[in-house]
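In structure tokens, the next block holds one chain alone, the form predicted on its own.
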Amino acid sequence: MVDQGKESILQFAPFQSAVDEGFWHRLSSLKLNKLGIDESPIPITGFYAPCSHNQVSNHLTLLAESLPPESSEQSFVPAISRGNRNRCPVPGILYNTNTLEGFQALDKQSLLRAEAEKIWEDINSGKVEEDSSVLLRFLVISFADLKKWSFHYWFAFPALVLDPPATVVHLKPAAQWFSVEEAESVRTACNDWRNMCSTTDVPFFLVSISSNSAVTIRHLADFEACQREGHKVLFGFYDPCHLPNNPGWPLRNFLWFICRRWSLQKVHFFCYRENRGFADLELSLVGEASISNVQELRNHQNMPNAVGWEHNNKGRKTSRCISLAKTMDPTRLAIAAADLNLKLMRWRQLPSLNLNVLSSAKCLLLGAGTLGCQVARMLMAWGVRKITLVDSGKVSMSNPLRQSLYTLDDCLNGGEFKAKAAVKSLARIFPAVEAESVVMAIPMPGHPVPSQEENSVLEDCRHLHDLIDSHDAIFLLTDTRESRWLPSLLCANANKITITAGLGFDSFVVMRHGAGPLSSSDEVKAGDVNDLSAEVGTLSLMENIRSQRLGCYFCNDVVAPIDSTSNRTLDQQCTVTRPGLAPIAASLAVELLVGILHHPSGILAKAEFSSSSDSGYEQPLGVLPHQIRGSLSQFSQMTLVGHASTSCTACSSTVVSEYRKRGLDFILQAINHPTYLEDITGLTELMKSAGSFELDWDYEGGDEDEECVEI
């Protein structure tokens, strides 16, 4: 305890900071989603309360709500609710830099002085009497390393320096300073002040004691009234410090305000502290501060010096660093890390990138082989979280080297189903992915179905129909041509985004299918002949309107898909390709999807080329082609466009309308009799017409009669 009769230099216990983990999470989110590379200062709010324990000081704390909201509709100011006795709000400013070097290079003294100037201005303008919390303005500088989840930071609590320093005398527990009657009245008045929502978080106040020992707690603006009434006045403040011989940091700027405002040479101050939510006069302090040059200080024109950078736990004046990586849930860390690259794209290169569209897109991958594995990984890299893989095969010993989701363990004991093994692998790579597996073979034309297996095959058809209906984008990644026919038909019928990728030995094709030929209002209903005739007329009109729609994988064929696996050598049965081909094709397939999802016309977008400029819309992701064909042997790539064929066996209005009319019966007939598709689409007639075409050959010399060669 300070000697009661001897003056000594008034020494203040420094403010201490504490940062809740939620603050760093909110800052990270704000940085990624809104601030980007903007280093403008951010208004924040700190919270503190009076000391409530005789051995522990309270800290100025930053919480998640200390930062402004991310929503662009709201102002860039923290939304703070008032009236919480344990959270007195204090205004602050945050300087968050983009690099660690930038953090270290900040002119800390200039930043401290800039905040001190605000306090100086608030004192001189009288703002302190309206909002006393401005005396506690603080400053934080920080750097958030979002790759390592570590945060460098440093607090400053600007305090104006009294020169010469104030002295203190008679610093003692409040219970010893007040009379018994005054002490009881002080307790009651302080508890009432703290229990009122309008005053509980007001950190500076007056303790007014009348001649009959009645005590009232009043606002700073009432000081002259207290003097006129002849009351004894103490200047009170919520003291976060627990030390018995030192008042807390808030008193420093409070003394400057008192000097500038009322020119008092002797100031009785009351360090208010609590125990279990009630005024504790044994812990609270009362003292008398003496300021020798009051008149000179009041007339002081220039801002005094300021101090206030916080010391670390070792007593050194330096920054601190905290890492949250070890305390965070691994799944949460994985999600944050996975989104990091995508969110950084929006800082400079791609501000219009719509992450919500990507994360909510449901993608169906038909085929979990070389292409399927690569496409699944590329989708996750783009932020797609909902993936379903369909495949009936099992992982063999030759797969893991080329198919990136499988390992040797997946090959043992006869091999695990590819779809199931792929889903497990995706979950290991990224725990937050919502991946599902479907073990199912896709019914194919040219592969006749025995009567005893018809029900099973038709059930597979229904299942595939439901899968396509429930997803937003479908990737055709199977390794035979005929296995793509039924999905192409179902996608055209449902008007789904469809991406095909196919591999040769050293060449590939990646393409997006055009929109389906029929709108939902053009469904062909089963009915009488007149109704059907009316529908056919509508279909012809629709086909004419959409004559320029983009084609599907089968639109350039003049024959129906047939069995391509029977009577084939081993190299013809396997997908023999150069190893580097699949990653290229898979990446392009996913890039096509991302382009479609961000294009204003979506699935109806026209084919675009690098030289085309007639679309009237410049895509942030670049052009959106129809087909991409590449050759590794030439290291070349070209973009092509192919319009839909009226004779297509998969997406023409004739085939789609026939499917809508007959349903699974139509599919079963197409599977068992591939030429049926050629008959109904007119390809049979087309081939007959081509067969009757004649060419005349002139033979010079010789006695031979003219011959006709049929082609």
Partner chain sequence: MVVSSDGTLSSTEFCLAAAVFSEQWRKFNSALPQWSWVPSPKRPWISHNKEEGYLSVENVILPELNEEGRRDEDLIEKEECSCAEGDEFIDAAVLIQNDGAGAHHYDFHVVYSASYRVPVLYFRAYCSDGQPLLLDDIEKDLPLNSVEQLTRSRWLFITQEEHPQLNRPWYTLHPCGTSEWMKLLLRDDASAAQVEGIPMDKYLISWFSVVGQVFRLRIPLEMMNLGCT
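Residue numbers count along the first chain shown, from 1. Just so it is clear, the model here is predicted, and its values are computed rather than measured.
Separately, the form predicted in complex with its partner chain exists; it is not shown, and the next lines address it.
With a 4.5 Å cutoff on heavy atoms, Ser456 does not count as touching its partner chain in the predicted bound form; it lies far away. Its partner chain is not shown here, and in the predicted bound form it never comes within 4.5 Å of any heavy atom of Phe505. Within 4.5 Å of any heavy atom of its partner chain in the predicted bound form lies no heavy atom of Asn212. Although the partner is absent from this view, Gly315 contacts its partner chain in the predicted bound form, with a non-hydrogen atom inside 4.5 angstroms. Though its partner chain is absent from this view, in the predicted bound form it lies within 4.5 Å of a heavy atom of just one residue from Ser352, Thr327, Ser636, Ser610, which is Thr327. Only one of Val307, Ala225, Ala427, Met440 lies close to its partner chain in the predicted bound form, with a heavy atom inside 4.5 Å, and it is Val307. Residues with any non-hydrogen atom within 4.5 angstroms of its partner chain in the predicted bound form fall in just one of 491-499, 432-440, 243-251, 509-517: 243-251. The three marked residues, Trp382, Lys420 and Val641, fail to reach its partner chain in the predicted bound form, with no heavy atom of any inside 4.5 Å. Shown here without its partner chain, the chain has only His25 in 25-39 lying with a heavy atom within 4.5 Å of that partner in the predicted bound form.
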